[in-house]
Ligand code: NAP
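Only one chain is shown below, in structure tokens, and it's the form predicted alone.
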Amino acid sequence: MGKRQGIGLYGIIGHPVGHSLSPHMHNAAFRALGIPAFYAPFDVTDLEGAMSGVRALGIKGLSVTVPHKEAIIKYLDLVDKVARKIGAVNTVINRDGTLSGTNTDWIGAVKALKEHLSLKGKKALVIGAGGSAKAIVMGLVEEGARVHIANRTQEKAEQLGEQFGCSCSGLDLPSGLEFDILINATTVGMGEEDAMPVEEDVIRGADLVMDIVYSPLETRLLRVARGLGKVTVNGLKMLLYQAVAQFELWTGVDAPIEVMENALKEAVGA
């Protein structure tokens, strides 16, 4: 890969970020490769002030999580065409004071799904229309899948559907809708034992069910899907692969994927 750029301070910004597993992964990777760098969580409510701090302190790179993935765009010097298309940034790179944004969430989602099936020609139902959903929808469309977007606020689903040429609806799905893949791209189920973004009858229509939530590791959605004999994919795989792409963008070296995955599993007690 390119010139090694790893030395320095990195972090994740969001609110809240206390639950984030990203520090476990990235710090394990830095240690494994002997890179003198550290990755810290930053709970940020003042995004404009935080970005001034990034510039002033020379922080080398950021992961961006809820609720800042879309709002951060206006504070960056450059945003690549992928992140522009998605309308959300999850990765910031600081090169000599120039802050550039990109998005690796779609890479994480696609790689996690492709461990189980080819996406070309598949039909997918994506629940949600926020920053993560936008990245996932783009990844699915790029891979040749047909996507239906369902969101609590139908207007948001329609905006996203228009952008990527997808059908859409509110959470009341149109009758006769067929899909091979069901993806929860909302935070429903995070820290909630009994919450599900859809009813059990919806789950029955899918062959594979993926939940981007990783706390708890097995959400009720995945538990019910597994009970129905579906292939299930938890949020750890997407988290891992988007982080691998981030690490390589920041450092210019190949990420130690196994080290990062083991750190992730250790952090959640898997």
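From 1 onward, residues are counted along the sequence shown. Everything numeric in this text was worked out from a predicted model, so none of it was measured.
Note that the form predicted together with the ligand isn't included here; everything after this is about it.
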From the list Q163, S169, T187, S100, which entry has a heavy atom within 4.5 Å of the ligand in the predicted bound form? T187
Students should find that, of L217, L57, L228, V66, the residue having a non-hydrogen atom no more than 4.5 angstroms from the ligand in the predicted bound form is V66
Is G130 a contact residue for the ligand in the predicted bound form, using a 4.5 Å heavy atom cut-off? yes
Counting only non-hydrogen atoms and a 4.5 angstroms cut-off, does L62 reach the ligand in the predicted bound form? no
Does K74 make contact with the ligand in the predicted bound form, using a 4.5 Å heavy atom cut-off? no
Report yes if any heavy atom of K111 sits within 4.5 Å of a heavy atom of the ligand in the predicted bound form; otherwise report no. no
Using a 4.5 Å heavy atom cut-off, which of 139-147, 172-180, 117-125, 153-161 contacts the ligand in the predicted bound form? 153-161
Scan 224-241 and write down, in order along the chain, each residue with a heavy atom lying within 4.5 Å of the ligand in the predicted bound form. G235, M238, L239
